[in-house]
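Same protein, same chain, two forms; see structure 1 and structure 2 below, as structure tokens.
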Structure 1
Amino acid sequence: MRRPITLYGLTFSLPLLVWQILFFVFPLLFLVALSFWTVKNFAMRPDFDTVNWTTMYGRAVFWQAYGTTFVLATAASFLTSVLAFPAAYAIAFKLSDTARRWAVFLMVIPFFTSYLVRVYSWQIFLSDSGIINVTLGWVGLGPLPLLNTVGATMIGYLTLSFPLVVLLQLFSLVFIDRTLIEAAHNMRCGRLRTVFAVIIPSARTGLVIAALFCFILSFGDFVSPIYLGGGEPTTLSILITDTTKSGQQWPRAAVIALTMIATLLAVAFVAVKFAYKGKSK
């Protein structure tokens, strides 16, 4: 049965509701309204015109940037999830409680440092005269073009989301019923088969949510594509910046931003529905 809405509950939920209205609903509504404004002589006018939508959706560069952003974010989600799972599995099933707490602490430490600072650190490693290329030069393999590449952008995405994905996967794995794993072993299932037949299905919700967070962070990231990828290929976040610099076209940038928000909401809806598919109501 659904619990009745009471004044007591509304009172304690009011701060969260006010926060959401002030810092999410109002800015979103303003962004929608801004997308219909026009720019003339570098000045925005509060008109109601669909020219910004037709202009942006009619440009090939927009759809190229959209496809690039979607593909890169999807690839980052898949790669990060695959690389994070062994780490989360080892922490959940191979470490003692004390060692697990230390591992969680180590996963949290990267968030104490600015993401921009970590990206700048990767420039030192990936540049032509950086640490990696100097090391490769000692064995006659360098220098290799590492910076300003798609691979460098993916490294930035991993830097941004890998610790978070490990933590989210870990929180899902530690709550798996261990008797299911023991039952699988009693039925002579090997470790690899147990992982795919028992552990991953049991932790599906956490694994999907972790991949979703990685997709959201990568889809809207600006730092890695510009500072590690060199701005090529163009992503939607870079396109927003270029659009605002071109004649102060903030309304057209709002169109791009709203498209990104709509895409993330659609992906989140599909991912959450899949994550909780078959769960009891």
Structure 2
Amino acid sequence: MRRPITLYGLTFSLPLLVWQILFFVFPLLFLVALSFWTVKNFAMRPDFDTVNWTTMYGRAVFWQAYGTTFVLATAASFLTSVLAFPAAYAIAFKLSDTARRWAVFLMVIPFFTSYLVRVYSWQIFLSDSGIINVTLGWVGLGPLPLLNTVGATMIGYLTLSFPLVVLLQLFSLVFIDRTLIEAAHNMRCGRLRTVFAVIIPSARTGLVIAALFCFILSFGDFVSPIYLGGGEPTTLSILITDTTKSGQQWPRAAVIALTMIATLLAVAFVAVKFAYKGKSK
């Protein structure tokens, strides 16, 4: 299918390429350069100094934030995957085709609602005089401190990635060869065992990719940790916004951002490797 390069072909292929190189690749590369710049008297100067790296990496705060973010994102990936799976499973195998189409449509809706508004809405549920605590009060319980906790941050992460994870899991489950499941049933393999021995291994690629997306989303999210978690403990995303918005310390923020990208790449590499392990490409 190799054809000579023509004006016609270039008209369609070049614009996106140029745009993404100019405004996606260059900014990310610039971030690398920026991390070696120095700041003097609140002004940035092009430089080649490793001071930002040594300063950031020498700070306990940075490593605490790194650990917190990594643990939170990992926990969010597992929690979301585990909570989403029964829903995806039920939608894939227990609903009629029409109902499934509706289920997918409904799961897509959250993508078009503002994440900020949903997080604010969770504040209404979780605050000290919020819906949940008032309800608890009616039965003589509480009030429990719900807002500004790690649990609230997790709810935020779930809000962010649950619909996506359900959809990705669902798509991998729908494409499982049904005859495999029937074969397992015919051989008297119990329901739970079928799930763990047949369905999950067959859908592994999709399940791992879904968890990976959840990790990426949670790892970079700054809204839930601030507005539901109360900013404590500090995550890398909070550190970036603080460093950028208040301190004029863009080079240091660049160090954090690059560390995050490196981490995400490493996690993605491991996840993809695991997802496709033992499969011919």
Partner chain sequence: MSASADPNRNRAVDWALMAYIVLAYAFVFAPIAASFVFSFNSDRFPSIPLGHFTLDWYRAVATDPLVWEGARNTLFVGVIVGVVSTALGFGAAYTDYRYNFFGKQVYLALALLPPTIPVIILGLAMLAYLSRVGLSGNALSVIISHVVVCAPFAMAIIRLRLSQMDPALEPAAWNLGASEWKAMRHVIVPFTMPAILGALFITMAVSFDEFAVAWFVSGLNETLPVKVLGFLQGQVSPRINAIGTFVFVLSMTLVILAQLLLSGRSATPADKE
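Note that the rigid core is defined as the largest set of C-alphas that superpose within 1.5 Å between two forms. Numbering for residues begins at 1 and runs along the sequence of structure 1. Keep in mind that this is a model prediction, so the values were computed, not measured.
- Structure 1, not structure 2, represents the form predicted on its own.
- Remark: with the core as the superposition reference, the CA shift of residue 269 between the two structures stays below 2 Å.
- Note on residue 20: its Cα is shifted 3.3 Å between the two structures, core used for superposition.
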